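Just one chain follows, in the form predicted alone, and it is written as C-alpha cells.
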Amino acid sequence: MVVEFSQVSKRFWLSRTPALRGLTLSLRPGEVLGLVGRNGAGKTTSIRIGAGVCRPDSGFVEVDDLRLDADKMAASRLLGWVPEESTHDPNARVMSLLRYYASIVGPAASGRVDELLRRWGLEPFRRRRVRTLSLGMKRRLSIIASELTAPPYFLLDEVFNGLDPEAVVSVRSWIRSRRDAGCGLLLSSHNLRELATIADRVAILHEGRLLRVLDPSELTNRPSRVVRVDVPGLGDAGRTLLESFGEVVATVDGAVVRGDHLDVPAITRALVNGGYAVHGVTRENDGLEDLFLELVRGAS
C-alpha cells in the first residue's frame, strides 16, 4: 500500500533543463509528505505526474501496485488531486458541477455531495457560478471534488496559497483528519513554517532532483536560530542595538533576529536597558528553513 514514483523524469518542450530527473519517492498511508523547493524545482510537475494529468518521459508511478499508465481508471480512483489553480469550468454552477463529477464516479459519490458541501461551508453557494467564488471557495470546491471517491491518497499542490487565516486553519485540520484516517497526503508548499507543523517527512527538490527526504527528528531537533522581538516603535536605533546579536529584519511590531547561539535573556536585558518597552522576546522554530537553505546552497 503505497504511491511510488520510480525514476520519473520529464522535460517540457523548449525547456533547456529537465523538470524532473529520475525522481524516486514513496508516499505511505497515514502520513503527510511535504514537497519543497524553489520555483521551478519540479514540485508541480511531480504532483501532476502523480495525479496522471501529465505523462513522464521515463519512469512510472504506481498506486497500490497499479501502474498509473497501464491502469489509469483504477489507479485514479485511489487519488484525490487538488491543483493550485482551479481547473473547473468558470461558468458552471457549483452543485451542477459536483453532480456531474459524481455521476462519473458512481452512486456512492452522488450521496456524498450534500454532506461535503455542508462540511466545507459551500451549501449557501451551491447555485453560484464558479467564476464568482473567492480563491478560498474555489480551493474548497477542489477539495470536495477530490474527496468524491473517498480516496486513500491525496496530492495537494500549494493548497495554502492565497487563503485567509480561517481557511488555512480549516484546510490544515482537514489534512490532519485525513492522515488520522489512514490516508497518505503529498503536499507541496512554499510555506516552510506551515509545512513544518504538519508534515511527517519532507522531500526537498532542487532543479528537478530529489536532494533529501527529512525524517521527523531532523524537523524537530534542530536548535532555533531565530528570535522574534515584540517591541512597538523599536526604530532604527533599536534595530542597531540588536545587530550585535545577529542579522536583523524589521517587522510591524519590532524585529526578527537571526544568528547562531542567540541568547534571549541577553537580548531582553539589552532592550530594557536601552529604555524600550519589551512586550515579548520569543524563539521561533526555523529548523526546516535552515535545512532547506543549507541543502539547496550546497547543491547550487
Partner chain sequence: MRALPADLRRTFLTPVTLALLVVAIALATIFSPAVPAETTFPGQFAVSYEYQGGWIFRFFVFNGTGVPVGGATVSASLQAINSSTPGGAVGFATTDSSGFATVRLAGNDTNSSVQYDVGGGGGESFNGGSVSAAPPGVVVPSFGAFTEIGGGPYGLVPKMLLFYPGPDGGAPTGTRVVIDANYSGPESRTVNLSSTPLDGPTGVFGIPPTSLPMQASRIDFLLIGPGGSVLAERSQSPSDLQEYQYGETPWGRQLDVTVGLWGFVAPLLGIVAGYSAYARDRSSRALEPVLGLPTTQLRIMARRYLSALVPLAVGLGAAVLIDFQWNHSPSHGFAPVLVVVIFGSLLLEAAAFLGLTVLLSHLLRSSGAVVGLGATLTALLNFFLVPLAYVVAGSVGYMPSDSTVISLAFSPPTHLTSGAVTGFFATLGSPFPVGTSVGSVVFVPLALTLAIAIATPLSAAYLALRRD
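Everything numeric in this text was worked out from a predicted model, so none of it was measured. Positions refer to the first chain, counted from 1.
In what follows, reference is made to the form predicted together with the partner chain, a form of this protein that is not presented.
Comment: the partner chain is not present in this chain, but in the model of the complex one of Phe160, Phe125, Tyr101, Trp120 has a heavy atom within 4.5 Å of it, namely Tyr101.
When you look in the model of the complex, the only residue of Val213, Val105, Ala150, Met95 with a non-hydrogen atom within 4.5 Å of the partner chain is Val105. Note on the interface: of 71 to 79, 178 to 186, 161 to 169, 193 to 201, the segment with non-hydrogen atoms within 4.5 angstroms of the partner chain in the model of the complex is 71 to 79. For the three marked residues, Lys10, Val53 and Asn91, a heavy atom of each sits within 4.5 Å of the partner chain in the model of the complex. Residue contact with the partner chain in the model of the complex: Met137 places no heavy atom within 4.5 Å of it. Among residues of the shown chain, Ser110 is not one whose heavy atoms approach the partner chain to within 4.5 Å in the model of the complex. Residue contact with the partner chain in the model of the complex: Val227 places no heavy atom within 4.5 Å of it. Contact between Glu85 and the partner chain in the model of the complex is found at the 4.5 Å heavy atom cutoff.
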